[in-house]
Ligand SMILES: Nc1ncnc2c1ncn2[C@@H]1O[C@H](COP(=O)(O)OP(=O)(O)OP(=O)(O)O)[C@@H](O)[C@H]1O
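Form predicted alone, single chain, as structure tokens, below.
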Amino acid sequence: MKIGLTYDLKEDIEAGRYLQDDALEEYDSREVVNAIAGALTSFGHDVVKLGGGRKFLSRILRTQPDFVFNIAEGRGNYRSREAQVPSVLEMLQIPYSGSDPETLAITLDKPLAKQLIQDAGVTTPPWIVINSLRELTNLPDRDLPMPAFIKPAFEGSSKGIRLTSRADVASRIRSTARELLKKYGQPVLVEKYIAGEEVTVGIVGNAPPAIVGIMHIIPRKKFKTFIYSLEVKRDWRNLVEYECPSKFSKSIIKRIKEASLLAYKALGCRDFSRMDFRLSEDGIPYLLEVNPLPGLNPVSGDLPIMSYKMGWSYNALIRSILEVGLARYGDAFISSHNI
């Protein structure tokens, strides 16, 4: 089968037009693309590297793959940018892996995703959204959750999330929010900071989805307040230890699994996803974010790391994502392509 691989390379993005130093954080390297392509090739498929942006548009029309393995993050600063490639694929009626445009757009909009998972019964920290500098100026201190965690509303890959993202007083919340509004050109999410443990959960599958692993992220050195921030992720080998399977109690693990699967269903996630939690000191898992397009870096990606710790190889992870994606299109599609 001819499989197209969609992605956005760091080297293809003009970083100079952005104000923030993490502008390229969500985009992939050639090493990641080659690792996925190598896995797909090892399964006996012909792989066509489609890339992203304008190159993707011309290549998809020229090559007409049977199926697309999608990891493209999309271009620009739009909250719907992750939906760009799947939208084109649906228009062209080309099957693809991963969540559909609606889910990808919703989950990148953090406030909207939080509202939907809360309505579905999943616990998430209380929050407010600040849309502009004028709104920030007019906002009374009493409306600010404290202590607070402040981050851009429409970003992924920990963009805008730093060790300084936590604030205890209104003046710090305001100064951090002001800086983010200027640098990222989008609303700012201010949510109640939950003291506790950092946890990330991997899911693969559809009918039913299955938990790949529950990974506890443990700091290697003493932090006054530990945040799984961009600085930490860039130096993860030295700063954190990944415990998977986690050593939480059975009751806590059950709560985390139930919340993960409920959010996966409520947001319409497909094929694979990763979810980030804070486990409060009284054992309540607070869902922070849902990422239906998690990084697949074979060395540093959280989902691959937890997969290895649960006994999977990298190729096994890619094969699982591919197989559940293909299965959604039915037996007729699979048999017609001799899969």
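None of these values were measured; they are calculated from a predicted model. Residue positions are given as counts along the sequence shown, with the first one as 1.
Below, we refer to the form predicted together with this ligand, which is not included among the displayed structures.
- This chain is drawn without this ligand; in the model of the complex, the residue among R174, K183, R255, K192 with a heavy atom within 4.5 Å of it is K192.
- The contact with this ligand in the model of the complex, taken as any heavy atom within 4.5 Å, belongs to L288 out of L50, L40, V33, L288.
- With the partner omitted here, the stretch from 58-66, 310-318, 272-280, 42-50 that lies within 4.5 Å of this ligand by heavy atoms in the model of the complex is 272-280.
- Three-residue candidate spot S157, Y228 and K233; every residue lies within 4.5 angstroms of this ligand in the model of the complex by at least one non-hydrogen atom.
- A residue is said to contact a partner when one of its heavy atoms sits within 4.5 Å of a partner heavy atom; I161 meets this definition for this ligand in the model of the complex.
- Within this chain, R79 is remote from the site of this ligand in the model of the complex, having no heavy atom within 4.5 Å.
- In the model of the complex, P125 approaches this ligand with a heavy atom inside 4.5 Å.
- Although the partner is absent here, E198 lies within 4.5 Å of this ligand in the model of the complex, judged by heavy atoms.
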